[in-house]
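One chain follows as structure tokens, the form predicted on its own.
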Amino acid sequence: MTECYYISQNELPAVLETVSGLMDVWVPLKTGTHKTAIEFAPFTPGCRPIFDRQSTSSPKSVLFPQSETLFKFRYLKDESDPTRQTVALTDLEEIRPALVFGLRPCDARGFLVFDKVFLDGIAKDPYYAKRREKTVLATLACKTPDSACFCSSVGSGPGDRQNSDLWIIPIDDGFVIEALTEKGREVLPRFGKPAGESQIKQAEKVQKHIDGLTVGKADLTGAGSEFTRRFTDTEFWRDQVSKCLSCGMCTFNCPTCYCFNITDDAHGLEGERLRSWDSCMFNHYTREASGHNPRPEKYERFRNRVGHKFSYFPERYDGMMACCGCGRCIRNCPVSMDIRQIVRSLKENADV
């Protein structure tokens, strides 16, 4: 391990408060009326970040807000020709640097999917790109996977450092933090002091233990051909998704889902263009202006979701899965839908 710092649990709040004066700091916090959900929210003095279990929702909203203004517009009358109008657009708002502290390896892997779609295509999304450039991902090595997690089943693991800028390893009384990228090296000196030999040895022991964990019982990679063979088996898909409510919870909490809608909110001659999360599980998502809907039934929408994550995306992006195995779609589903079971069924009954 190189460039490692150590910070005690007691010192961490004060450091995060100091850093929050320089950039936006997002940490997992209990939210809502009953404080039962955990989501990434701005750090404030006195708040108590939750690091001992996974957040209810992923931190994707930091880089991809649930609703954001893309630009504002104003129609201007042409005084020389009253029949004509022009449109004035505002520039992009300045985006502050940000630190996401305490996300899990599956969350960091989720941003790899976003990077492929929003940065590596023919056109780069300027809104996501600006946030991505200015955001430091400080990932917590995952010691506490639960029964819904399956990151190892999709080619990752609780010790996966891919796409992280800082790597946080919890030890007895604090954290050893290692810089993995240049962005991470710029921030690292603000976290405590260089780690001592005993602290590094503790961290290496924890890392070795985490690297040895297998989270998830089945291999869910390489299901593309089985999905294709099952695509027209209507009875199979209806049976698999019969209890689904189409509530969209799985997509909103998923670190890799990025469906969105674009709307204009105008009042008089002024307005703003908004981008808001949408869900492929909603009936209206694919409904066209003519009224035709190419995926009117629930099984068709769920089949598309499975196909996107385990067949279409890997086929387009060199085998990369659009699922990070975080388990949020399983853990938080009101009727206990389990995407692992559906993909296993694809593979187990591929020749049926």
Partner chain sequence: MNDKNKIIKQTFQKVFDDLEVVLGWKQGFDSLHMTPAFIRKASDLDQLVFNPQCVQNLSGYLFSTLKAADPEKQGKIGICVKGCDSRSLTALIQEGLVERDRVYIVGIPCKGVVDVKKLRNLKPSLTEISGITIEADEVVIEADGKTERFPIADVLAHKCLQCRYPNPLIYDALIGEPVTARVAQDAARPAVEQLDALSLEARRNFWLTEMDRCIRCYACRNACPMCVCQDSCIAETRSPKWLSQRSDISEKFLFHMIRTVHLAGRCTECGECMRVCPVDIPVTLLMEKMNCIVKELFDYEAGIDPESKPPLQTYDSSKTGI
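Positions refer to the first chain, counted from 1. Everything quoted here is computed from the prediction, not taken from an experiment.
Beyond what is shown, the protein has a form predicted in complex with its partner chain; the following relates to that form.
Scan 172, 182, 265, 94 and let me know which has any heavy atom within 4.5 Å of its partner chain in the predicted bound form.
Exactly one listed residue reaches within 4.5 Å, namely 265.
Using a 4.5 Å cut on heavy atoms, which of 274, 218, 76, 213 is close to its partner chain in the predicted bound form?
It is 274.
Contact label in the predicted bound form: residue 342 to its partner chain, heavy atom within 4.5 Å:
Residue 342 lies outside the contact set for its partner chain.
Answer yes if any heavy atom of residue 261 is within 4.5 Å of a heavy atom of its partner chain in the predicted bound form; otherwise answer no.
Yes, residue 261 lies within 4.5 Å of its partner chain in the predicted bound form.
Verify the contact flag for residue 32: yes if a non-hydrogen atom of it lies within 4.5 Å of a non-hydrogen atom of its partner chain in the predicted bound form, no if not.
Yes.
At 4.5 Å between heavy atoms, is residue 338 in contact with its partner chain in the predicted bound form?
Close contact exists here: in the predicted bound form, residue 338 approaches its partner chain to within 4.5 Å, heavy atoms only.
Which is the contacting stretch out of 163-171, 194-202, 242-250, 105-113, given heavy atoms within 4.5 Å of its partner chain in the predicted bound form?
After filtering at 4.5 Å, what remains is 242-250.
For a quick test of understanding: in the predicted bound form, does each of 37, 148 and 330 have a heavy atom within 4.5 Å of its partner chain?
Result yes, every residue of the spot touches its partner chain.
Any residue of 35-67 with a heavy atom within 4.5 Å of its partner chain in the predicted bound form counts; write them all down in order.
Contacting residues: 35, 36, 37, 39, 52, 53, 56, 66, 67.
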